[in-house]
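Just one chain follows, in the form predicted alone, and it is written as structure tokens.
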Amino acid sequence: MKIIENNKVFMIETKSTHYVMAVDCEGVLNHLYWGKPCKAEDYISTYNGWEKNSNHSARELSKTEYITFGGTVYRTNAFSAKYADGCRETLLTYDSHKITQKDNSLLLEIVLKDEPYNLLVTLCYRIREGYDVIERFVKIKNDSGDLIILNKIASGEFNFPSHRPYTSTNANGSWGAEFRMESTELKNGVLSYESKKGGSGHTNNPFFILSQNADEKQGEVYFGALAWSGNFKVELSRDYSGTTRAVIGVNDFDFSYNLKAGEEFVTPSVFCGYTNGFAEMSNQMNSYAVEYILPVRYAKEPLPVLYNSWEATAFDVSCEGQQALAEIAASIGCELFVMDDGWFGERKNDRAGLGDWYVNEKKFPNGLKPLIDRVKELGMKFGLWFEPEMVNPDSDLFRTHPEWTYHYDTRKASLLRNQLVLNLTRYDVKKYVFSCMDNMLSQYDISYIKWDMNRAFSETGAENLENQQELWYRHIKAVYEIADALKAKYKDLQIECCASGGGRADLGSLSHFDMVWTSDNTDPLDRLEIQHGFSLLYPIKCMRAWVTDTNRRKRPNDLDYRFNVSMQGSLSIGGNLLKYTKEELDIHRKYIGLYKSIRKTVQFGRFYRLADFKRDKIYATQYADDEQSVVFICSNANSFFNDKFIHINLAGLDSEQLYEVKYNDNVIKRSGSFLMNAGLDFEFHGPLNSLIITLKRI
């Protein structure tokens, strides 16, 4: 980092980019540049404060680093507040700054101040050696002596250099169709992506990706991913001058926060960067997440191959039935056995039992110990499903504590999936939720928790809060705190974050949980598109991908195809093993064995999207490290015409090295330069074909 021009120009230097700000003549922090490096002396603040006309002020056109509501600025703001005297405008000017170095990171903190009210807003920028990723967050400190009500507190505002329109990419999905990416050219106005349901949601995702003439290999790409699992908002705008901006953070929908005298509020972090092409963006974020975002205990360990019992048994669980599944799961190579819903309370269906986290004695007369002992004898670890934030009206918990849900006394509670949301902003509820899981973990040898959350919030009354609009924020913080407390007490515990599939598949969850369940949709063809979207900014190892029997679309896909798809993430098994033939179990055994041999490369290697259905009629990905590489190719449909002939150019290899290439029963040797430039040709037969290619450097 460099500070020049009498400490008024701040230049953040990452591995191969510059991010530059300057304090102008009025004391306001302005953005100067973000992109490829320039010379330090080139960065000069150009704001002059001249009025353009009575409808477009100079300040409205300026590229402010963190714009507030008020004055002559009418565009999208990053911050707004109400002071004790009724003033609703904020004016932030430069106060001070400091740089802190720790290990291989640098933290720049620029303090801005609203002088009359002693409100301190500290913009924080952290960089790590070897990366072009900048972590940004904001600290708001109330030194006024009076209450300040925060109405909007974004984690960051961003300005982009080009005056040509950018293309914005984000998800346009739903339950069962998460991460379906769509691109929109932002020519004018405001484009927003958001969630208002209590989680980050299935529809949009808490990130922005802006690009110009970009593909996997080249083109300008700017991105920012918010580490938050609750309501969020991304606002992208382009004004009449051609300036494109982004504001990202906690959603200001039905939100305010009482910042009392002496208190400080810290926003969620947003991880942002500028790269050349989408592959570089994905690989930087994949590696960065493993190093600095994921919980440390398992960040650099490959995730185990798990078996989950849900599709085999649903709610009809028993000790004997689960043991039978576990024996088959172990025989095909699974390393972790997870018993899903149905083991607790009076849980016979989804209408009863949620909240009563004690073992059902009719299903497990001797508790869970006989099942867990058998699972461990078979060489596997044991995991258990919880949905700790929810309660059924038909439960002992709700009958005892109906006041523990979000509610209004004058409104009828809305049921979704026959359940209500527990008010985790209450200390007693938060304590109860922790104690239920703590009791099971202390009583049984449980290595893994699948934490589920299956409905959106409604009737959001929380009479325990002085300001009930804080509940959206405080609930998610409570989720994080419970997960962290469990991990602190049980050092080897792994926790998976599931929210009706990918309803919380974001960097916020991945800061506290070890992996996410990407979607309830396990149809392999659908999953290719879902996994494509997930892979853009989130770590591959955290993407649980199941091989199941589910075939909602009634289209033919064999086990080979299903494994090909699911081996592109953290392989998991979810079918009804009791119904499989010997031949089908042998196929499971073969692919699980293959996956274990390539797992480290898939979960931690460099990642390349070689082809996708929209452009190429096939989907192909490649994972590479210094010793080996693996390529997955999946077709959609083909005919007797040209689209049955497949051509693939590989990536990420050493041009000068020779590689042994294996696929089906073929073994060939080719140079890295040949594989990347000349490529390989294949012929597919039938509507859904797949192929796995492994490469080893000779």
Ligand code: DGJ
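When you see a residue number, it is the position in the sequence shown, counting from 1. No experiment lies behind these values; they were computed from the predicted model shown.
This next part talks about the form predicted in complex with the ligand, which is not shown.
Taking a 4.5 Å heavy atom cutoff to the ligand in the predicted complex, the contact residue among I495, I540, C498, A154 is C498. The partner is absent here, but in the predicted complex a heavy atom of W546, alone among W228, W546, Y623, F278, sits within 4.5 Å of the ligand. Under a 4.5 angstroms non-hydrogen atom cutoff, the ligand in the predicted complex has W517 among its neighbouring residues. The ligand is not shown here, but in the predicted complex it comes within 4.5 Å of a heavy atom of N454. With a 4.5 Å cutoff on heavy atoms, D341 counts as touching the ligand in the predicted complex. In the predicted complex, at least one heavy atom of W385 sits within 4.5 Å of a heavy atom of the ligand. Looking at 395-403, 446-454, 295-303, 594-602, the stretch with residues near the ligand in the predicted complex, meaning non-hydrogen atoms within 4.5 angstroms, turns out to be 446-454.
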